[in-house]
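In the block that follows, a single chain appears as structure tokens, in the form predicted on its own.
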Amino acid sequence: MGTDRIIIIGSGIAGAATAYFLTRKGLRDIVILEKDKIAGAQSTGRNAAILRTMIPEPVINRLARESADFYHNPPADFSDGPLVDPVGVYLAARAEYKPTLNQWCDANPEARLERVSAKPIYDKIPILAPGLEAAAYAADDGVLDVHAILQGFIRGATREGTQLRLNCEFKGLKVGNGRVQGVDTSDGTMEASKVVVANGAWTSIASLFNEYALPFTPYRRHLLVTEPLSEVNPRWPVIWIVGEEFYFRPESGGLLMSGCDTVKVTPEQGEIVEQTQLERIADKASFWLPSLSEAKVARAWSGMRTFAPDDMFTIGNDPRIQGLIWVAGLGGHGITCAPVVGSIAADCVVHGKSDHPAASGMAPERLLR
């Protein structure tokens, strides 16, 4: 123990995946700090659980595709069952947004998708309103078992000696002689030679990092699930309507929906549910699924997505101080990309850098220029 310790701030998907891959490199003196009473209670536990590898940004698209390979073929001891239900994902567009859809596809020629008309969507979901003309279909994408994924990372890490400290809030970095020396927490000071910052929206609180803060911003997004509906087939694919910023998928006998709102918030505001945003979802649902316009809401919630100014992930060593590693700004794609994010982060902790082709473009130093 002591100065060889690695402390990871945050037990969400980024911190858990980093710990998992660190233990695969033989490291054992690892502590994950979590301010909540359970792991992954914030963004990780409040997302839409959709595996959508068709992400417009080519670098993130690549990370998503590589991570999907892990989810479809996880290590034998990672989980008790499948991590993905491959119901398929359609990105669909009306005529006016076909150029946007085509641009996304053209920017990612290696993506595993099929460009199709909208007819297959209407064949599967006849209650969908007319108007869609084109689509891109990823047959192997679908719905993720987020709980199983998070527990797989945490269980795999703790089995190899990682400590998970719940109800232990990070209060600030301990720095001296040009390097990280540990952290201050609600349980006192803990020494460490390296600190991994993976606490989601809380990376935006500059006072926690003082002169080493980076410019992250959290945004809130609302989701809801309707009551069970006889019209809904639980094997429907995920539908994401490009340009309309609306998506839905089957969930608990009804439909999970989001209007893709992006409201800038502080981390403490992340769980607030605004009625106006729920009404916005309902308006979009009434347009695209008119026969379900009277459906009642069974539950609604909001979660946070945190971004760097350029919307790119931030993974790597802080050039200003030795021993500080960032795994932040995953912008709503953290679960989709977690296996590769965790692997790149573990390389940065152990070797000071990663040889992954995407790593250099995600390095924290770009935010300091």
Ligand SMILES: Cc1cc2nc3c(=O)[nH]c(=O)nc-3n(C[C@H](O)[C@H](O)[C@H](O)COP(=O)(O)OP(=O)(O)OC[C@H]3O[C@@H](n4cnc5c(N)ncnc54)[C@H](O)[C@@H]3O)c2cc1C
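Since we're looking at a predicted model, the values are computed, not measured. Residue numbers here begin at 1 and follow the sequence given.
There is another form of this protein, the form predicted in complex with this ligand, and it is not shown here; the text below is about that form.
Site residues K174, K194 and P364 are none of them in contact with this ligand in the predicted bound form, judged by any heavy atom within 4.5 Å.
A residue is said to contact a partner when one of its heavy atoms sits within 4.5 Å of a partner heavy atom; L208 meets this definition for this ligand in the predicted bound form. Of the heavy atoms in V31, none are within 4.5 Å of this ligand in the predicted bound form. Contact annotation: V340 falls outside 4.5 Å of this ligand in the predicted bound form, judged by heavy atom distances. Interface residue remark: L255 is not counted as part of the site for this ligand in the predicted bound form, having no heavy atom within 4.5 Å. Out of the listed residues C168, A138, L289, V242, C168 is the one that sits within 4.5 Å of this ligand in the predicted bound form by at least one heavy atom. In summary, among the residues N317, S43, T53, T314, the only one with a non-hydrogen atom within 4.5 Å of this ligand in the predicted bound form is S43. Residues of just one listed stretch (122 to 130, 279 to 287, 89 to 97, 219 to 227) have heavy atoms within 4.5 Å of this ligand in the predicted bound form: 219 to 227. Shown without its partner, the chain has L330, G331, G332, H333, G334, I335, T336 in segment 310 to 339 as residues with a non-hydrogen atom within 4.5 angstroms of this ligand in the predicted bound form.
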